[in-house]
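As structure tokens, one chain now follows by itself in the form predicted alone.
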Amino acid sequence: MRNTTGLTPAQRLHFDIYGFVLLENLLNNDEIDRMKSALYRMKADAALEAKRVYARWGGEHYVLFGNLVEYDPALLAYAAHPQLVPLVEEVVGGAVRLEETEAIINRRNPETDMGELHKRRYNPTGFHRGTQHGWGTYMEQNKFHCIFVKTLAYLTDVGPDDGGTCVIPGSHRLTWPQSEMIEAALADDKLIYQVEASAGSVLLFAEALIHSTTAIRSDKERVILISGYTPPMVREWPGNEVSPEFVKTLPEEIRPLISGSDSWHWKRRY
């Protein structure tokens, strides 16, 4: 486990150059087990809507859940993780609020043509980004900052055929039209990097970075947990509003993070 003093110089340089950094083995086995247990219970829960969780199914092999922190303490603990939030604040540049929480459980699509999947080294299913360089990013003290940052926890091992996240490294600092960068990267997959990680590792990345889920070629099931963060004056993603009643139950030290109650009282700290 790392300490909370911030990214190492090597990690910070990696983030600035490529737009992401993999924090290896940050979560311990107990944390992984509790988070996975909560997500599998969620998958079997027929009353999610009443519990303020939304689900988007893409067939029996794929489900995305959102607005998770009220469902189980383990999912709240990830969103407010004391080893992750300071790192997010470092790359955002100041205090943050929770912008969204999501999780994905997926396996290989049984209708996928395996021959087609093996024609390419990488098979991104939908490149996108949530902001872009120039209006969602800035430079301060010679460091790159992005006002929308995500942490993606791998709760299962992800090898080269297991659906690791794909990114276009360096796209977080480019003002090219997104479609042109995606077209160029798909034409030459040396421009694409697919993350491989052991369970418990966390991908920290700027939402200005073009990224995608990758089609699974193995027989393994992938489980990931995602939290998004922004400065507190930014609104949460629609559907991720945390209830005031729940906020009142939280320890005082994490209420601003979960509710965004600090609003416009934001100062750059990095």
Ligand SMILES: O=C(O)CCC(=O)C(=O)O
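Numbers for residues come from their place in the sequence shown, where the first is 1. Note that the structure is a prediction, hence the values are computed from the model and not measured.
Quick note: we don't show the form predicted together with the ligand, though the next part is all about it.
Residue-level contacts in the predicted bound form: of 150, 133, 108, 81, one residue has a heavy atom within 4.5 Å of the ligand, and it is 150. The partner is not drawn, yet in the predicted bound form one stretch among 240 to 248, 32 to 40, 209 to 217, 47 to 55 has residues with heavy atoms inside 4.5 Å of the ligand: 209 to 217. Using a 4.5 angstroms heavy atom cutoff to the ligand in the predicted bound form, all of 104, 222 and 226 count as contacting. Although the partner is absent here, residue 171 is not a contact residue: none of its heavy atoms lies within 4.5 angstroms of the ligand in the predicted bound form. Mapping the unseen interface onto this chain, residue 143 falls outside it, with no heavy atom inside 4.5 Å of the ligand in the predicted bound form. Using a 4.5 angstroms limit between non-hydrogen atoms, residue 128 touches the ligand in the predicted bound form. Contacts to the ligand in the predicted bound form (heavy atom within 4.5 Å) from stretch 176 to 190: none.
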